[in-house]
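Single chain ahead, written as structure tokens, the form predicted on its own.
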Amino acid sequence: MEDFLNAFVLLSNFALVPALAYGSQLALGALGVTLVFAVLRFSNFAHGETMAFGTMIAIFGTWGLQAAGVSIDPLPTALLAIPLAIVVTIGWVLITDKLVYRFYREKKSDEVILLIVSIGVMFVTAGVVRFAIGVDDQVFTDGERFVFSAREFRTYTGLREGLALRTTQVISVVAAVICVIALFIFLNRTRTGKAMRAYADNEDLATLSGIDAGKVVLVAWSLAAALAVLAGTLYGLDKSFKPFVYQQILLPIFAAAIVGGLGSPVGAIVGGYIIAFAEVLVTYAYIRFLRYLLPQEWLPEGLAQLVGTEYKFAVSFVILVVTLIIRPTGIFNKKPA
């Protein structure tokens, strides 16, 4: 029994808990993508760089607060900077919408045209971020690092393996839960949220019914920007801020949105956790885990790793392709995307 508990704690420490936190970050990112798709009818490839932009503003705000001696120890100071980052990022996406997207939207351009335009916005935003903060990694986490450390867990339980629960992991999960609940209340209980749902279902009928299309678009962009800031900042706190990684993380975010059903908020959440657990569990080295469960002569050679960690994003791509082949509409979307 003790060997089984050690194996479970080991797997939880290096796979299950990190996957849960990572899934929360992907779910928030995928929610932003699916909101834009549902309301504006195109896949926003600039969403990853919007996350980078928002995280950059949060970092600048964090540095400013730290320089002023402001902190909320044991929590990261970056949490205080997130509201500022959300406001600035909303301003950025609304400016890009006014200067770029609105022109093509008024011309009733095809979705493919808007998708290509979003790639251009992605590169512009990436250039702004690289110019403003540079290309080096930025670590901006402060406060208490662990809720409890592996050593404390081993001392308390008497097990050989320890479980370390990082503060940023807990914050990611809690923030995801709060944001998801708030978003569902907004979409289902408020007049603006219901207007957004009606507009997403049938744009022409919603407009004829008196729904202000401009307001719906503004709210959709604002919500997507806020979710991008939260997802990007939480990801940066949990790992570190790497400007180039936000283009790479766009693949698992889109995979999460498509697996769940592009345009479905519930699907985005479920898809985020599916992609996260798949990436982590497929690339985890199981040799230590198996030593607790199997006799010595049954142990495989090597690390017992299905796929190397360098192919982590390839797992998302494979899941995405399989989903598009088997169920193109995703798990929770019954109508064609």
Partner chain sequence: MTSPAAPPVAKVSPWRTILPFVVMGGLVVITGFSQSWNVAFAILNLSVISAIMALGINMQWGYAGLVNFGVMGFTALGGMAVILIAADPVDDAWAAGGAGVLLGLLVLIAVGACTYALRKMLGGWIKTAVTLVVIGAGLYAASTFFGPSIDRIEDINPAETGFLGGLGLPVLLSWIAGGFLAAGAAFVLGKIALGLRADYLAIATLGVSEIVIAFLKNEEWLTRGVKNVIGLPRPVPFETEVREEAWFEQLQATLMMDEVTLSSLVVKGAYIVLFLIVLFIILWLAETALRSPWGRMMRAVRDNEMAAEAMGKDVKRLHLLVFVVGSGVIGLAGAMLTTLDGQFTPTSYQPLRFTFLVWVMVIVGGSGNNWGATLGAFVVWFAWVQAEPVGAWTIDLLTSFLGEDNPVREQLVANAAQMRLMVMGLVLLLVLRFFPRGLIPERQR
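Just so we're clear, the structure is a prediction, and the values are computed from it rather than from any experiment. Residue numbers count along the first chain shown, from 1.
In what follows, reference is made to the form predicted together with the partner chain, a form of this protein that is not presented.
A.B. asks: Kindly confirm or deny that Phe4, Tyr235 and Val280 each have some heavy atom within 4.5 angstroms of the partner chain in the predicted complex.
C.D. replies: Negative, none of the three is within 4.5 Å.
A.B. asks: Just to confirm the contact call: exactly one of 224-232, 160-168, 128-136, 81-89 touches the partner chain in the predicted complex at a 4.5 Å heavy atom cutoff, so which is it?
C.D. replies: Of the stretches listed, the one contacting the partner is 128-136.
A.B. asks: Taking the partner chain as it sits in the predicted complex, is Phe123 near enough to touch it, meaning that at least one heavy atom pair lies within 4.5 angstroms?
C.D. replies: Although the partner chain is absent here, Phe123 would touch it in the predicted complex, with heavy atoms inside 4.5 Å.
A.B. asks: Check whether Phe103 has any heavy atom within 4.5 Å of a heavy atom of the partner chain in the predicted complex, and answer yes or no.
C.D. replies: Yes - in the predicted complex, heavy atoms of Phe103 and the partner chain come within 4.5 Å of each other.
A.B. asks: For Phe148, is any heavy atom within 4.5 Å of the partner chain in the predicted complex, or not?
C.D. replies: Outside the cut-off, so no.
A.B. asks: Is Leu16 a contact residue for the partner chain in the predicted complex, using a 4.5 Å heavy atom cut-off?
C.D. replies: Close contact is absent here: in the predicted complex, Leu16 is far from the partner chain, nothing within 4.5 Å, heavy atoms only.
A.B. asks: Do any residues of 91-114 have a non-hydrogen atom within 4.5 angstroms of the partner chain in the predicted complex? If so, which ones, in sequence order?
C.D. replies: Counting only heavy atoms within 4.5 Å of the partner chain in the predicted complex, the contacting residues of 91-114 are Leu99, Val100, Phe103, Tyr104, Asp110, Glu111, Val112, Ile113.
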